[in-house]
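What follows is a single chain, given as structure tokens, in the form predicted on its own.
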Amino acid sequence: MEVRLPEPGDALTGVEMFAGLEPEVRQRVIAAAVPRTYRKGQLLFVENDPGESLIVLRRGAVAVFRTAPTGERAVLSVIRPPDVLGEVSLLDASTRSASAEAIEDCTALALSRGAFMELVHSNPRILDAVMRSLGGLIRRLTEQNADHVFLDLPGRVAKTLVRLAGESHAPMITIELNQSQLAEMAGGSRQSVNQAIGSFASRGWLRTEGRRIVVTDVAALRRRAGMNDR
């Protein structure tokens, strides 16, 4: 799957939150950040952990999720470069509101809360980007709630696959996600999601390859999800 990656020489290229900074300020941010690597399946942080850092994702993908007392997961979003995660708890000095797990091997930069707040105080424009990020989060959660009301499970599965496909226009898009993870994102049982995937495969919209899903007809999935054609 094609994703946007930062250009060599500047780890913050493409990161909207830091787009308005002067080059020398960006370099100070990079110098203050700590490089991190996460293996597929590794937790970046857990719900109720101290919110100590902002994470700038440079490579890979991260699932942000909540866990019910029964142990069931609900995936809130999948983060890909050049997005960030962890900004909510940095702003209110509270604990993490969700957990995050690498669903692919990842590299990232971690910026401590102290360094982040110093940056905000000296560069108020960053607050505009933070507010846009929070607004986007609220819109996503609102849309997810509406999807659970207005879409049946196959529709939610189709919409989840479209979101994971992103902006790629390739004829075939490989999604590194197993069906259990897809069930967590779509809000259904694994068995029901497997049935939806089988139905889509029989129509030629996708195929499964082990723990991968290869999407071959994004437009059909968009229609099944009730989304407008581009």
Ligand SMILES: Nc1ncnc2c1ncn2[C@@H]1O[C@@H]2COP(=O)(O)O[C@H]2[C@H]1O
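In this text the structure is predicted, and so the values were computed from the model without any measurement. Position 1 is the first residue in the sequence shown; the rest follow in order.
One more form of this protein, predicted together with this ligand, exists but is not displayed; see below.
- Contact with this ligand in the predicted complex, judged as any non-hydrogen atom within 4.5 angstroms, is confined among 109-117, 147-155, 94-102, 124-132 to 94-102.
- This ligand in the predicted complex comes within 4.5 Å of no heavy atom belonging to Y38.
- Residue contact with this ligand in the predicted complex: V162 places no heavy atom within 4.5 Å of it.
- Although the partner is absent here, F45 is a contact residue: one of its heavy atoms lies within 4.5 angstroms of this ligand in the predicted complex.
- Interface membership of I173, defined by any non-hydrogen atom within 4.5 Å of this ligand in the predicted complex, is ruled out.
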